[in-house]
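Before any questions on binding or motion, here is one chain by itself as structure tokens, the form predicted alone.
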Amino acid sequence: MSATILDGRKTRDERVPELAKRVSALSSTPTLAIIQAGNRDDSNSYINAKKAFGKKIGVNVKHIQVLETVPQSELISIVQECNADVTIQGIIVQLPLPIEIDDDAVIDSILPSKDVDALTAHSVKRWLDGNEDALLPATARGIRTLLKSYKIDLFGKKVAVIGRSTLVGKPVIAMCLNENATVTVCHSKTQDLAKETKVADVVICVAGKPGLIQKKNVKKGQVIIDVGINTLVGEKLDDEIETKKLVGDVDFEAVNKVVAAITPVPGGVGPMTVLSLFENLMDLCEKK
């Protein structure tokens, strides 16, 4: 018997009407500023998804794009201009930034009251401390919402989180702890990954390594949350165009036949991340 598919698209779509209602209840149309340095294809795709979703719910998305060679000081000046602009309610600095730029310095120049990604030092301290009204970074919030929509409670559960990045892994770890789960953190130096994952009730994989979680890593009854988004290049077609396929960190076909519930890639956590970003924006707007 196959696992229950935790459908992020379905859950997102169910929440769109309420989010659009919150937007229309504001005295003016909110604006989200997205600041991008460079022209990476993956960043462009993420930004286009945010623009499309913003349009769907009635939010203005202002895309500010500068060259990859932009000096750090100029990027911070752009952030400060957005801070001072009363028509802008939320600010995102699209990551990754060029290697020469100090990500933390740029992100920390965002006013906490406009920090939609919840990545400034001020915001990070609040969600690490478990403040009930703290914004969570969008992926962590999206996972929490998706689990709750399927009535999967983390309270008292054993959760294995694979990955410890600042952008995704650590916020997910904090979210699970704040939901009163017992959390085991696994990473590239974990010696026996299967030993750690097979004792967990919930496995959340944010490693960015395709095929990392195989049938040997899971057991019956588990919930598997696959956050990985990896592009695999397949065989060339007759016209010599390489095929491309999006996959997660989990071998879906093998694992799906064992566990109780699993997120697909695409269509699982990704749609929930975009939704949660705009839910964060509305939370900031409604506090003002």
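Since the structure is predicted, the reported quantities are computational estimates derived from the model, not experimental observations. The first residue of the shown sequence is 1; numbering continues from there.
This protein has a second form, the form predicted in complex with a small molecule, left out of what is shown; the following refers to that one.
- For the options Ile229, Val258, Ile57, Ile34, the residue carrying a heavy atom within 4.5 angstroms of the small molecule in the model of the complex is Ile229.
- Just one of Ile110, Leu147, Cys176, Val168 comes within 4.5 Å of the small molecule in the model of the complex, counting any heavy atom, and that one is Val168.
- In short, of 209-217, 99-107, 75-83, 128-136 it is 209-217 that has heavy atoms within 4.5 Å of the small molecule in the model of the complex.
- Taken together, Ile162, Val269 and Thr273 are fully in contact with the small molecule in the model of the complex: each brings a heavy atom within 4.5 Å.
- The closest heavy atom approach of His187 to the small molecule in the model of the complex falls within 4.5 Å.
- Heavy atoms of Phe252 never reach within 4.5 Å of the small molecule in the model of the complex, leaving it off the interface.
- Contact annotation: Phe53 falls outside 4.5 Å of the small molecule in the model of the complex, judged by heavy atom distances.
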